[in-house]
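The chain below stands alone, shown as structure tokens; this is the form predicted alone.
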Amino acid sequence: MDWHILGAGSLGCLWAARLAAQKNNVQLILRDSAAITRYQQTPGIGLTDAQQHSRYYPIPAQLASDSQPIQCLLLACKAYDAQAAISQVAARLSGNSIVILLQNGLGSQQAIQQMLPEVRCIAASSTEGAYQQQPFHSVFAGAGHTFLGDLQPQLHSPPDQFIAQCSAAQINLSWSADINEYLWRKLAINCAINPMTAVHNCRNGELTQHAEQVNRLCAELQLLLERAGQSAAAQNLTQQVWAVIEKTAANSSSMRQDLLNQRRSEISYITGFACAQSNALECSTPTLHALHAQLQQTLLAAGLPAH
């Protein structure tokens, strides 16, 4: 199975390096010719492992406009870029293609499946830790797990060759018959942690100083999950959130990193999506709505989009 990777951020480069290390045929899809030139001036995709050993993989790069058909596409860009990115390569996809969606939050995955009704779209919910030391170089920051599942599960059986390739590339994963459970649970965990760390400008572990607000958020999010028909995702949510906070105490959430680095956040696909669902389901979540408004104010004060 040939791979194309669109989105050369921390997780895109992590997957690219791991797949290339197992001699898989991998191609990067980069934004423009200037990006390809910058990439060609590097030794290739870099990966620094847990033992601080770095290796480089000279993976070929191409533009979205390339004519090569895409068999397996990993879409590893931000949620707000996902639809525009997939539209650039849609003509290269067919009914035999697989698209893996590695976006945070909820909403972008379903929008892409609607754009590509004939294409097999697989959503991923990942706790893999990685950050970029420099462009095209990922640093492995903590073992995690990736759950994968079809957005149209009634149409497909598990893709055994795809799963085997990922497992051989040391991508720790499980296949789920109901990926929505994992997507909703991760959405709730992100809603409870990411916006709080951005608003209070703190690392995950420092949320113990705001325990009462975190607990109120968790109670509301649990209610929202149950109202949305995701009772399995709602189970023990408060305990799960605190377990993640403890495990990632020294980490800076992706939303806080975006804020500190003056990058657009994924607010629309995290608290924005949750608030919209809360309104649609007539589920009272005042703490969530207040946090969303506070996060919008924080982003605007930093000169960043609040949507």
Ligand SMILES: NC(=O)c1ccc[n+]([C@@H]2O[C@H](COP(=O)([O-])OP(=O)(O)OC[C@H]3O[C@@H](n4cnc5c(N)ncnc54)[C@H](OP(=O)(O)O)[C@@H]3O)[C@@H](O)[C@H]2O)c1
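This is a predicted model, so every value here is computed, not measured. For every residue, the number given is its place in the sequence shown, counted from 1.
There is also a form predicted together with the named molecule; it is not shown, and the following applies to it.
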Heavy atom of Thr197 within 4.5 Å of the named molecule in the predicted complex: no
Taking the named molecule as it sits in the predicted complex, is Glu181 in contact with it (heavy atom to heavy atom, 4.5 Å or less)? no
Should Thr298 be classed as touching the named molecule in the predicted complex when contacts are defined as heavy atoms within 4.5 Å? no
Distance check, Ala228 to the named molecule in the predicted complex, heavy atom within 4.5 Å: no
So which of Cys77, Leu224, Leu148, Leu106 gets a non-hydrogen atom within 4.5 Å of the named molecule in the predicted complex? Cys77
The named molecule isn't shown here, but in the predicted complex which of Ala123, Ala130, Cys166, Leu187 has a heavy atom within 4.5 Å of it? Ala130
Please determine, with the chain shown alone, which of 155-163, 209-217, 84-92, 232-240 has non-hydrogen atoms within 4.5 Å of the named molecule in the predicted complex. 84-92
If you look in the predicted complex, which residues in 17-31 sit within 4.5 Å of the named molecule (heavy atoms)? Ile29, Leu30, Arg31
